[in-house]
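Below: one protein chain in two forms, given as C-alpha cells, structure 1 then structure 2.
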Structure 1
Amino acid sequence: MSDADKKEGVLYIGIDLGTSRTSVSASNGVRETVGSYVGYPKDVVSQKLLKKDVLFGDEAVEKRLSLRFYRPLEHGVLKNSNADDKSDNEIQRAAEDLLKEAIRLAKPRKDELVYAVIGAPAQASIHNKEAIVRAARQTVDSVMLCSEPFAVAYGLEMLDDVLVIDIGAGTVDLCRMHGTMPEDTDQITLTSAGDFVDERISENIRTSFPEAQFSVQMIKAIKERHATVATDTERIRVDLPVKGKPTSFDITDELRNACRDMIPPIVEGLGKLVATFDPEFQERLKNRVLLAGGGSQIRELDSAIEEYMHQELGGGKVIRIEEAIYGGANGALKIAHDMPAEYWEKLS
C-alpha cells in the first residue's frame, strides 16, 4: 500500500514483548494479549488437522504435541537471532510471526499508517534489538524500541528516579530508572521468578502431601488463581488427584511460603541499586518502587515487599501497577503518542 492511500490516519500501537506474554495496546482502544508461544504444524497431517500454518499462545500450548513449538523470547530476549542454522532460523521466524500476530490483534485499518513502540527487555542485546526491529518493520510503517521498565514507569508518569520490579515467568528484572535508557549498572536480573515459584510450590506440596498427583501446569494455574503472601487469609483448598481420585488439600502454607521465597532476593537487589545511587536521591528512590509483571498479581506482594524493605533497608514504598498485564503496553502506547510526528516520519 502506498503512503498516499494511508494519509487518513495513524494507528499507534504499544507492544510489550514478554517471555511468556505479548501484550498490545492501541490508540483505537484495542487491548489484546497473547502468550508468547508459536507453533508450526509438524507435518502435513497435523497441518490438515489444525487447518493453520501457524498457531499462537494458548492454542499453540494446547496443540504443542503436533507442532514444532517455540518460545521465541525465552530468557527475555530473542533467542539466537544471529545464528544461521535451520531451527534457529525458525526461532527467528517465530519471533517475526509473533510480532505480526500482535500487530494483527491491534486491528489496524488498511488506510491507516501504523506506528509502533515496542517495549523490549532491558537486557536485550543489540542483536536482539536489531532482530526485533527488522521483524516489526515488515508489518508497520515506523517502529521504535524502548526499554520495557521505562515504558512501565512512563505509563504511570513516574519519569525519574524509579525502581521497577518486573516479575515475569523466567526472570525478575530490577531496574533503576533515571533517564530513558537504563544502563547495565542500573539492572539486576534474578531467576527467582514465576517459574521458580511454581517449582517451589510443587516441592512444598510433594513434601506435605506425597500422595497427591499433579503437573507443573496444574500448579501454575492454581498459583494464578490463589497466590497470596498474606498471613490472615481464608484457607486455600484445591482438589488434586490421589490414585486418580480427586481429593481436597489445604495448600495455604505451601503456596504462601513458596511465594514469600521470592521476596528476600528482590529486596536484596533493591538494596544494591539504592546503595549505588546518588546519596542525595536514595530516599526518593526507595519510596518510588513500582511492582509490575504477571507475578505482581500475587496478592499482598506489594505490602510484603514494603515490610521487608523497612526491615532490611530502613524504609520504602511499593506501588503495584493497576494493570499487570497491560502496564508495559500502555506505557509504550503513551510513548508512541507523545513522540513528535516528525520523529516517526524520519524513521519510516
Structure 2
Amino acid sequence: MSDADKKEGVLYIGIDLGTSRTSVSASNGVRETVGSYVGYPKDVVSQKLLKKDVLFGDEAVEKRLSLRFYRPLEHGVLKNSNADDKSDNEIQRAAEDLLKEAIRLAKPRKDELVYAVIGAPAQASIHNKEAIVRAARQTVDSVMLCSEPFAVAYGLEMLDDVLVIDIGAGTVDLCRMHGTMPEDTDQITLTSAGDFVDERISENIRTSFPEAQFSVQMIKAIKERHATVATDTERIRVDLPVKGKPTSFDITDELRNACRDMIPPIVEGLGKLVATFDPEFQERLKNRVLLAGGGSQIRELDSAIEEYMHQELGGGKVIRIEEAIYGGANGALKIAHDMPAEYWEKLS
C-alpha cells in the first residue's frame, strides 16, 4: 500500500472498544460514542412493539426487559470462549453487531475501504484478540489491535518515560512508555475498575440502608452523576425506593469510600512498573503519569492517586487528560494514519 493509496479511498477509524462504552474517531471528522449494550427482541410481541431487529446503547438499556440483552465485553474482552456453544454464538453476534454499529456511526461512504485500529486491554489474551478480529471481520477491510493505554499516550505524543492509567468499566490498564512499542512486561491489567466500584457502592448501600431497593443500572447512573473521592464534597442525597415509595438517602460516605477503593491497587501496579524500570529514570517516570478513560472523571481522583503515590512511592505527578471519552479512540486513529502497511491485517 503506497502513501497515495493510504490517502484516497480509505476511511481510517480509531475504536476504543470498552466494556460499557465504545467510542469512535474517524478520518472524516466524525466522533461518536455508544454504550456497549446490544439487545434483540425476545418474541413477536417485543418485535412488534420495538419495530427493530437490534437495539444498542442507552436504547437497549431502557428496553432491556423486552430484549435478549447482552453486554458482549467483560473486563474489556469478549465473553465467549467456546465458538460451538449457543450462548457464546449469541455473544459473538452481539459483538459483531456492536462493531457494525460503531462503523456505521463513523459514516463510511460505500466506495471507501475501512481500516480500523481497535484498542484492547493491555494484557488481553491471544484468544481474546482473535475473537475481536473475528468480530471485526464482518465490517472492516483491514484491522490492527493495540493496547488502550498505548493508544492514549500515542494520541498525546507522550511516548517517552510516561506511565498511563486507563480506567474503564471492566479494566484498569497500566502501561509504561519508554520510547518503543510497549512489551508485556510494560503493561498491567487490573479488574478494580468501574464495575468493581459499582459493586462496592452496592455493598456499602446494602450495609448502611438494607431497606433500600436499587438495580445495577441505577447504581451506574448515580456513580456517573456523583462519583467523587473528595473529602470536602457537598452531601450527596439520592432517592431510592423502599417498598415502592421513593425515599431520600445520604450516600456520600458509601459512594466516596467505594471510589477510593480503586486507588491502592492502581498505585501498587504503578509501583511495580516503576520498580522494574531503569533506576536512573524512575523519578521521571513517576512524575509523568497520565490519567485517562471514563473512570478518570471521578472528581479529585487525580489528586487522590497523586497523594497516595507520595505515601507509597515517595512522590509522583498525575495529569488528567482532557478528553476522557475520546482519548483512546483519538490515539487509535492517529496510529491508523501513521502505521506502515505491513502492520495491518487484511481481512478477506
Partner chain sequence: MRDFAAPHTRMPTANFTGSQEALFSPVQVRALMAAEFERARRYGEPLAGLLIGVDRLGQLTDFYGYEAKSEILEAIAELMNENLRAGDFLGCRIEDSLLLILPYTGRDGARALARRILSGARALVFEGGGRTLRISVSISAAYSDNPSSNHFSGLLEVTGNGLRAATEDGGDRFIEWKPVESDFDRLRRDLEDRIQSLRSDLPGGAPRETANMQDIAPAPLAAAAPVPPAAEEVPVAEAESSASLELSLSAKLRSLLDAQAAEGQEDSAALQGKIQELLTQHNRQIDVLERRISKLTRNLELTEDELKRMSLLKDVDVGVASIYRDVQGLNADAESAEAKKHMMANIFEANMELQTQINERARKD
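Numbers follow structure 1, counted from its first residue as 1. Since the structure is predicted, the reported quantities are computational estimates derived from the model, not experimental observations.
Here the chain taken from the form predicted together with its partner chain appears as structure 1, while structure 2 comes from elsewhere. Domain motion between structure 1 and structure 2: of Gln213, Leu159, Ser27, Arg109, the residue positioned at the hinge between rigid parts is Leu159. This chain moves as two rigid pieces, and the smaller piece turns through 15° between structure 1 and structure 2.
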